[in-house]
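As structure tokens, one chain now follows by itself in the form predicted alone.
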Amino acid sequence: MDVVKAAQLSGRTLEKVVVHPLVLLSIVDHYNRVARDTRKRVVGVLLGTSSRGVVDVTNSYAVPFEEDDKDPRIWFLDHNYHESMFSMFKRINAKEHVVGWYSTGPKLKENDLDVHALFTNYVPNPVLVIIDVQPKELGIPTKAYYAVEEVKENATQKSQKVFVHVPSEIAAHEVEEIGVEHLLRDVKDTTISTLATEVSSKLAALKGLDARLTEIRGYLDLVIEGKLPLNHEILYHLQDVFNLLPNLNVNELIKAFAGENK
């Protein structure tokens, strides 16, 4: 492969994207109002702050967006609507600025680089966050990307932009946590607990754990086979995970599991 990623040369200045619950709720609401039960996706603007390689996404709003299903080169994003909305949001919170855009994908599409280029008019290095509004597996429903210049060793070949994945996480301020707790309380009464709900919760958690362990094992097998390079940072994180595992060889614990409850 005659390609060297510019992100590797620049040391990857963007380290992490943090998405707040309000953003997820707004995007799901946008999707349910516009594209529910269709194959369409919705697109909008992400607002927040960026500092020391961390993009903090605290707000968002929807933007009218259309694209041709047959020809991905044909698409329309109402940037006049975006500029009008941003001017109003700026009056409410001047600290928030445009940090990128979102899509309900659920995966990267052929015209995403073209849409991404449009947002460089508003922020030098925008991020794209793809939100999976209908997740089929447990885990964080967000995937974040930013564009870098793909440097080619052959000088006759023209360089082009490519997306590079950046880690993302869900985080909330204390006020947001309280709001989410009240929202979940309205959706489901947490004071009512049955054996069936407890078993379902534990089963879902175990399925999520099994999926993550399978993914880790697959990665390690590829490293052993030489199909993937050794990444010490990933191994350090795995070692941290293993260090957190409890010691199950304690006699008292063994007796507790072996004993019969009467």
Partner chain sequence: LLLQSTMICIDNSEWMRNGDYSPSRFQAQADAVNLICGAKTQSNPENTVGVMTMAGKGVRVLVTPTSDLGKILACMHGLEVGAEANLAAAIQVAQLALKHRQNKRQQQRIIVFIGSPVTYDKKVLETIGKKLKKNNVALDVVDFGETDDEKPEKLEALIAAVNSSDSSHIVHVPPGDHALSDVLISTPIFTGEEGGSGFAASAAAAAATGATGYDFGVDPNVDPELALALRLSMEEERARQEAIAKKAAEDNKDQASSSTDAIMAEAELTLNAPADVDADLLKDDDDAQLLQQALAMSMDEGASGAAAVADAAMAEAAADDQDLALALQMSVQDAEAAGQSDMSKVFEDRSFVTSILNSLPGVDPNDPSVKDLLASLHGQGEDLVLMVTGKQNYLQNSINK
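No experiment lies behind these values; they were computed from the predicted model shown. Numbering follows the first chain given and starts at 1.
In what follows, reference is made to the form predicted together with the partner chain, a form of this protein that is not presented.
Look up in the model of the complex whether Trp75 has a non-hydrogen atom within 4.5 angstroms of the partner chain, and give yes or no.
Yes, contact at 4.5 Å.
Would you classify Asn80 as touching the partner chain in the model of the complex, given a 4.5 Å non-hydrogen atom cut-off?
Looking in the model of the complex, residue contacts with the partner chain include Asn80, since a heavy atom lies within 4.5 Å.
Can you tell me if Asp221 lies within 4.5 angstroms of the partner chain in the model of the complex, counting non-hydrogen atoms only?
The answer is no: Asp221 has no heavy atom within 4.5 Å of the partner chain.
So in the model of the complex, does any heavy atom of Phe65 sit within 4.5 Å of the partner chain?
Close contact exists here: in the model of the complex, Phe65 approaches the partner chain to within 4.5 Å, heavy atoms only.
Among the candidate stretches 65 to 73, 42 to 50, 233 to 241, 211 to 219, which one is within 4.5 Å of the partner chain in the model of the complex when only heavy atoms are counted?
Going by heavy atoms within 4.5 Å, the stretch is 65 to 73.
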